[in-house]
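Taking the form predicted alone, here's one chain by itself in structure tokens.
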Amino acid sequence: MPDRFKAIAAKAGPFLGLLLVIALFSLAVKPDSDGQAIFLTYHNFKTIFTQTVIVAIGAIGMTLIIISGGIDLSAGSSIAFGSVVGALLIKNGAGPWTALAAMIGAGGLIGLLNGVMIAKLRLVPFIITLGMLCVVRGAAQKLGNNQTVNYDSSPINDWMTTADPRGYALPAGVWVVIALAIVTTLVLRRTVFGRHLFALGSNEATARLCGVPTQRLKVLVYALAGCFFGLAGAFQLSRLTQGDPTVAVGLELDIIAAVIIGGASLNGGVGTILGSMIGALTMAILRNGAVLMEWSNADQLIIVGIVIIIAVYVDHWRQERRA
């Protein structure tokens, strides 16, 4: 019975963390001059859900990578690169679906390069993706000629907003995240790909002996995650309505933190999409609450850094208890 209770407590951890953050900010954020609540309102949470979209889509891709035992530090650069690619295509007359396909393809190509170098050359994911972070960021700047890429208008601009900003409808981006999370969860739980992915992250040598094509699986995982990063770039483009090669700097830290807060392990073999979505929402609430509290950017960076350290420590503690 105690073991079952511990298992339930471990799974409920991300939810409890989310509720704790909501409770703290609901008490800390002062009402407006009319005495009306600012934080605990539907419209504020609508803003939070919208702000969660980019990190949440990136977190889905990062969850696949971390479950496989890897890491990708180039996610933020891939998002920026994708937004520049999309903006340039729209500027030159491409339709929204063509631009979307190109952004997803650009992210997938970057992920494919990461996967090939990691799997075929047997190099450390941390080093490879750190290098790609710089390469892709530089490529985005060259592609955008070191400036933002502006265009007249596009249906993509409506994906992160609603016709009535004060209405109750949620933007399309939120529904896309929900759909992707459900589909990816089913893939992880009910397909051979999902079982192989957890086996790879748990013990690569054993997985290889059991017939899992580990090298090919690694390439596929990084390419698939890259597609998610490219899609996140599309919603970044929708949010800013311009392609900016300097955007999403450090966003990979928020994405990784969301996955770890959600219960995934940096050692691989453990993780859920639901947990990562809870983690992404927690990060968005932290950002939103910090703004409402009028904390400076420096203070927000400190808070995010502390959250990342705590999340990694909790992961280490979980691994020790399992051992």
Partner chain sequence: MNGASPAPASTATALRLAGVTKFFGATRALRGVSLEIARGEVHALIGENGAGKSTLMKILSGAHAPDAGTLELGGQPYAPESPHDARLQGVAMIYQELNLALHLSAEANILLGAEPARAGVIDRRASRDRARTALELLGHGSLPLDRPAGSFSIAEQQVIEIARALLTQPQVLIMDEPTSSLTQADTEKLFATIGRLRAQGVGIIYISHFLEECRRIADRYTVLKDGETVGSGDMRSASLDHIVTLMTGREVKDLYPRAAHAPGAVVLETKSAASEPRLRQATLRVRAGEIFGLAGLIGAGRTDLLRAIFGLDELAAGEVCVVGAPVGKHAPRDRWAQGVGFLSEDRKEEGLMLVQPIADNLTLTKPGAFGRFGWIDGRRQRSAAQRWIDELRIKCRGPEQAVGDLSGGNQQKVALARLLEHPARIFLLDEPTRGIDVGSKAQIYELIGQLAARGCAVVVVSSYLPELLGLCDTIGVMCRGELAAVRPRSEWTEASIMHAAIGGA
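These figures come from a predicted structure and were not determined experimentally. Residue numbers count along the first chain shown, from 1.
A second form of this protein, the form predicted together with the partner chain, is not displayed here; the remarks below concern that form.
- 199 is the sole member of 156, 73, 199, 117 with a non-hydrogen atom within 4.5 Å of the partner chain in the predicted bound form.
- Out of the listed residues 192, 121, 124, 169, 192 is the one that sits within 4.5 Å of the partner chain in the predicted bound form by at least one heavy atom.
- For the chain shown alone, residue 186 is a contact residue for the partner chain in the predicted bound form, at least one non-hydrogen atom being within 4.5 angstroms.
- Residue 211 belongs to the set of residues with a heavy atom inside 4.5 Å of the partner chain in the predicted bound form.
- At a distance threshold of 4.5 angstroms between non-hydrogen atoms, residue 145 is out of contact with the partner chain in the predicted bound form.
- By the criterion of a heavy atom within 4.5 Å, residue 206 is counted among the residues contacting the partner chain in the predicted bound form.
- Look at 133-141, 238-246, 211-219, 146-154: in the predicted bound form, residues with non-hydrogen atoms within 4.5 angstroms of the partner chain sit in 211-219.
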